[in-house]
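For reference, the chain that follows is the form predicted alone, supplied as structure tokens.
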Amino acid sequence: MKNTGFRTAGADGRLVVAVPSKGRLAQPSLELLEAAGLNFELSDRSLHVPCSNAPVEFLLVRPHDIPEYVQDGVVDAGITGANLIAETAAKVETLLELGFGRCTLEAAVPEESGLERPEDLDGLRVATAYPVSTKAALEEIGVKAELVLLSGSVEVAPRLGLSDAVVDLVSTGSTAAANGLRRIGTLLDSQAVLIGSKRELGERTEMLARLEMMLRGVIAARRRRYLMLNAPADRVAELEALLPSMGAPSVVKLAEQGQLALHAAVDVDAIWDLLPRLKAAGASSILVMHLERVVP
């Protein structure tokens, strides 16, 4: 077990959750926890952050350390990137994908290179800052490469003659393109995840399950919109058939004779195509609203 200087999780009966203290996962993680109904206050030097309305405490630490903290029982759960779990090879359970911090571990080569896919890297030099996950991903496709470990500026390695290719995390691909690199394949998909320990948590097991449920409700709500519309009674069946809701839409009588209201939660990706079709089928006074939480 790594000597962290922190007390063992659960010593005071509270659920301890590790949260990224910096980086691109930090702010979205805190916003998600707040949206889940947890009240807390941060200061510039916050490390231990207790929640005022639940027996939950956050430990703000580097995201790279979180998988091992969860594995070693320093904390009960944590929010980190799936790629960091792969890189540390930590023995933890992924409880929930959180829908932000999406990126991929990608192989890239110089534009002029004749290499076309990750399988072509067999026997070549590959520069990366993620040796564990890169080695595992390449070996899974039968590739044995000589890894060149770099801590930064991986993209310039081929230009300096240090490697034939690079493997790095990509969110937009703009950095690779700016350095004259061409992406040839994805080795790992990643996003922010909630992870839990494989250790027995005792009474805190129920607390962790409740936290997971709260977060899952917020994530489900972010993927949907609440749709309200008015329609003539004789067009309701046609409109119901168009609505890809969580279940049958609610139908409510209106004061105006022959008019009904339909309410439904629909997938956010369906809105663009759905609204014109609803209008064409006789819908009017359409309202599209954000949801706070969806708990089936």
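Numbers follow the displayed sequence, beginning with 1. In this text the structure is predicted, and so the values were computed from the model without any measurement.
What comes next is about the form predicted together with a small molecule, which is not displayed.
Residues of just one listed stretch (134-142, 163-171, 112-120, 194-202) have heavy atoms within 4.5 Å of the small molecule in the model of the complex: 163-171.
The small molecule is not drawn, but in the model of the complex it has a heavy atom within 4.5 Å of residue 84.
Under a 4.5 angstroms non-hydrogen atom cutoff, the small molecule in the model of the complex has residue 103 among its neighbouring residues. Contact check for residue 249: every heavy atom lies farther than 4.5 Å from the small molecule in the model of the complex.
Taking the partner from the other structure, the small molecule in the model of the complex has a heavy atom within 4.5 Å of a heavy atom of residue 63.
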